[in-house]
Ligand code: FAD
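Encoded as C-alpha cells, the following chain is the form predicted on its own, with no partner shown.
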Amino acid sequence: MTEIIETDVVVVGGGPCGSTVSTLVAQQGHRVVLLEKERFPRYQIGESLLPSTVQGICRLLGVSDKLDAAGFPLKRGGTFRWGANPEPWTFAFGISPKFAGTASTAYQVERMKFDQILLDNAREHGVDVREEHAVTDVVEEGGRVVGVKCTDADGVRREIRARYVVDASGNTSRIHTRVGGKRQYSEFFRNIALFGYFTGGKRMPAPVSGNILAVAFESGWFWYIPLSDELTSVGVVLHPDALERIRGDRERALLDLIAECPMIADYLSDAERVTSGPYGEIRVRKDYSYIQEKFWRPGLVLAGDAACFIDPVFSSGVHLATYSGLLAARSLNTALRGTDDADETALFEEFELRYRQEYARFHDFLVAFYDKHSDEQSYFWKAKKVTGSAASEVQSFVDLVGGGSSDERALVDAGSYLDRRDGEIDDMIWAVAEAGARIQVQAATGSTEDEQVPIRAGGLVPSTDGLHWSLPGRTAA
C-alpha cells in the first residue's frame, strides 16, 4: 500500500538549487519536503564558486559562518592563459564596486562538504529532508501536477502530495519532460570534460593562489582548481573534433593531454594523481549546453540544471542553480501566501524570464569568449555589449563573471535584505537608505538599472524582504 504524505512544496534534489529553494520557502513558515536519491555526502563536480553565491545567496540562507569555518580556499578572481595574449592574465572581483570590500571573494569548495552544509542548513530551517528517496514520476490531476511518486532505499513507495513540485534534480532529472516541451541543445557548446584529482600540485603566488586557473591549448582548455593546500581538481574540456582521444584508457588520455599543455604540465610536474576514495576516479561528463523550452507548468517548476546548463569555463553552474532557487522561492512564497498583486501565471513567468535572461548573458558571452584569437580587452568589450552595462568594459566583465550583472540586490547586497527582514530598518529609513545606496552604486558602476523597475512591461519586482514578488512601488514583503 502506498503511503501518502501532504505538504506545501516538494523539492526533488538536494544539491545547491534544491537546498536553496527549500530553505527560502521554509523560512516563510511553509511545509517543505526535500527528496534526494543519494545519501550525502556524495561526490559532485562544480567546485569553483562566484561572489554572488558566497556573498549573496549564502548570506540569505544563513550559512556564511559555516562556510568561513570550513577552511575553503579563498578565491579572489581568475587567471587565464587564453586568447591572443601569450601571457596569463588575471582579473579580481574587487575591481567592481558591486563586489567591493568583503564581498570581493568567493571560495573553491569540495562539493561533498559544501553541499552537505547547505542540506544540513535546510534541515535546521525545518525542511523535511529525505535522503535515498528516488522520484519516479509526478502525480497529475486535472492538468495540474499535484505531487510526486517516490521509492526509498527499502523499496517503500510513497506519494508526496503538494501544491507545488520543484524539480531541482539536475541534468539527469527523470521528471523534467513532464513540464512539456523539449530540451534544446546548443549547436555551439558540444564539449566533453575529462577530469581527475592530484596532490602536490603547484600554486600561483599570493594573493591569487586560490584563483581558478584556466589554460587554453590546441584541443580545448584545462581547469586547475586548488581545493586545499594539497588537493587540486584538474580537468580538460575537449572540442568535439578531439573527442576520440578519450575513448579507452582514461588515465592515459588525461596524462597525454596534460603533456600537451605546458603550463598545466609544469604545475603538475611534482604531483601525483589521487587513485582511491571519492577522488580516485577519472570521470567523463558531457558538457553539452542546453535549455528547456518551458521552465514551468501549473504545479511544476524546473530549476537549476533541470532547466538549463551552460559551459563551465566561468564556473557559473552553482550561481545559476542557487539564483534560480531564489527566483523560484519568490514565486512559491508569493503564491502560497496568496496575493492580489499577481496570479500564478504572472508569478512563474517572472521566475522563468529572469532565469532565462541570466542564462542568456553567460551563453552569449561565452560564444564570443571561445574565439581564442581575441585578447582580453576584446572579451571585456564583449561583456559590456552582452550585458548592456554603462560601466567600464573591465567592470562589465567582472560583474558578469562574478554573477552580478543582473543588478539583483540579493546577489550583491544581501545584507540590506537581512537588515530589513530582521526589523532593523523601518519603512521610512529603508526607503531613504535604498535610494542612497542605489545612487552610490550607480555613481560607482555607471549602472542605470533599478531593482524596483520591472524588467518587462507589467512585470513584478523583488519585495523588500527579497523573498517574494510585489508590484512596483509596494514596500511590504
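When you see a residue number, it is the position in the sequence shown, counting from 1. This is a predicted model, so every value here is computed, not measured.
Another form, the form predicted in complex with the named molecule, is not on view; read the next lines as being about it.
- Query: Picking from 61-69, 23-31, 46-54, 406-414, which part of the chain touches the named molecule in the predicted bound form when contact means heavy atoms within 4.5 Å?
  - Reply: Contact criterion met by 46-54 only.
- Message: At 4.5 Å by heavy atoms, is each residue in I95, G210 and G402 next to the named molecule in the predicted bound form?
- Response: Not a single listed residue reaches the named molecule in the predicted bound form, so no.
- R250, R297, R356, R174 - the one with a heavy atom within 4.5 Å of the named molecule in the predicted bound form: If I apply the 4.5 Å criterion carefully, the residue I get is R174.
- Item | Option touching the named molecule, based on a heavy atom within 4.5 Å in the predicted bound form, out of F362, F309, Y323, Y164 | Contact with the named molecule in the predicted bound form is made by F309 alone.
- the named molecule contact in the predicted bound form: R81, any heavy atom under 4.5 Å: It does not: once the named molecule is placed as it appears in the predicted bound form, R81 has no heavy atom within 4.5 Å of it.
- Message: Does any part of T105 reach within 4.5 Å of the named molecule in the predicted bound form? Heavy atoms only, please.
- Response: So T105 does not count as contacting the named molecule.
- Message: Can you work out whether G147 and the named molecule are in contact in the predicted bound form, taking contact to mean some heavy atom pair no more than 4.5 Å apart?
- Response: Although the named molecule is absent here, G147 would stay clear of it in the predicted bound form, with no heavy atoms inside 4.5 Å.
- Would R111 count as touching the named molecule in the predicted bound form under a 4.5 Å heavy atom rule? Contact check for R111: yes, within 4.5 Å of the named molecule in the predicted bound form.
- Query: If you look in the predicted bound form, which residues in 24-48 sit within 4.5 Å of the named molecule (heavy atoms)?
  - Reply: Residues within 4.5 Å: L35, E36, K37, E38, F40, R42, Q44, I45, G46, E47, S48.
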